[in-house]
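Here's a solo chain for you in structure tokens, the form predicted on its own.
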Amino acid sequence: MHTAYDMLTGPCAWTAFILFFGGCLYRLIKMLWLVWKKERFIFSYMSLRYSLRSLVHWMVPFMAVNWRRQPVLTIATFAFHLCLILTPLFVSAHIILWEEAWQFSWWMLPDGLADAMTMVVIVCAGYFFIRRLVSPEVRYVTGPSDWIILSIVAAPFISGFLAYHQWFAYRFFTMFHIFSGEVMLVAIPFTRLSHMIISPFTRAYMGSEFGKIRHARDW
């Protein structure tokens, strides 16, 4: 057990972080290279003003028309992504481990709030799971990879919740929490989860095209 824990928190963790940061950098460079090679004209009408205008309208709940048309999905989407990003960064257990390793720490969430945010991610993941089953238009475009990605995202939060409360097999879920978190880090740049890296650039492009070229709104 100790050997496996040392492997997960040592070589495996280093490998996951290297692949995550290296993969993110690779995706960004590849995206810019492809644009430069095939559609270089895009750079000529990119606009900071219209890019930011589009990003703001799509990043604020209910500012875009499509957000207002689907209020339940909008609330679930924003709550899910907000808690998905903030909880791992500011949960006390992660910060304590970081401080022990690097003598550096930052502000942390109260444990009760972090626990609630973890539950938000789990509940929203369940909502997305059910939506893919019962919504005909979503079920039609859902493939095996979508279920795998949803599982990859949900697993660290479910296992972390169980490990924190020490329910069932505490040691197993602690180990699985670390492992699934590392799997998620590696998956981000190399799967559809890479939208967290690419989507701001896509939105900036669309905002520039609609605002500067078409003189229209894209929200």
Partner chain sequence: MGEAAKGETKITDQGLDGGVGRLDESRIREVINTVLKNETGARLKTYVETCIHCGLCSEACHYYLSNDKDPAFSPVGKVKRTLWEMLKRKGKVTPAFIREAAVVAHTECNLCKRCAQYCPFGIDIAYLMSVVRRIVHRLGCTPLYIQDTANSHSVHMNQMWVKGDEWPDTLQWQEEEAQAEIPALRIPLEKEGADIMYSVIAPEPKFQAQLIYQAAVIMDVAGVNWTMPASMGWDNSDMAMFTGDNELMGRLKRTHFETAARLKVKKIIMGECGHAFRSVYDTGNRWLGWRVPPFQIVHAIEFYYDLIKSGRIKIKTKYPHAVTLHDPCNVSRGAGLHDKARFVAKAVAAEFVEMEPNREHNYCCAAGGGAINCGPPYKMKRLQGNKVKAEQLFAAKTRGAGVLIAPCHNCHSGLHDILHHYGIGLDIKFLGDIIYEVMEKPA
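Note that this is a predicted model, so its numbers are computed, not measured. Residue numbers count along the first chain shown, from 1.
Same protein, other form: the form predicted in complex with its partner chain, not shown, and the subject of what follows.
In the model of the complex, its partner chain stays beyond 4.5 Å of every heavy atom belonging to Ala13. Its partner chain in the model of the complex is approached by Ser194, whose closest heavy atom lies within 4.5 angstroms of it. Interface residue remark: Cys24 is not counted as part of the site for its partner chain in the model of the complex, having no heavy atom within 4.5 Å. In the model of the complex, no heavy atom of Phe62 sits within 4.5 Å of its partner chain. The partner is absent here, but in the model of the complex a heavy atom of Val35, alone among Ile152, Val56, Leu28, Val35, sits within 4.5 Å of its partner chain. Taking a 4.5 Å heavy atom cutoff to its partner chain in the model of the complex, the contacting residues in 57 to 73 are Trp58, Val65, Asn66, Trp67, Arg69, Gln70, Leu73.
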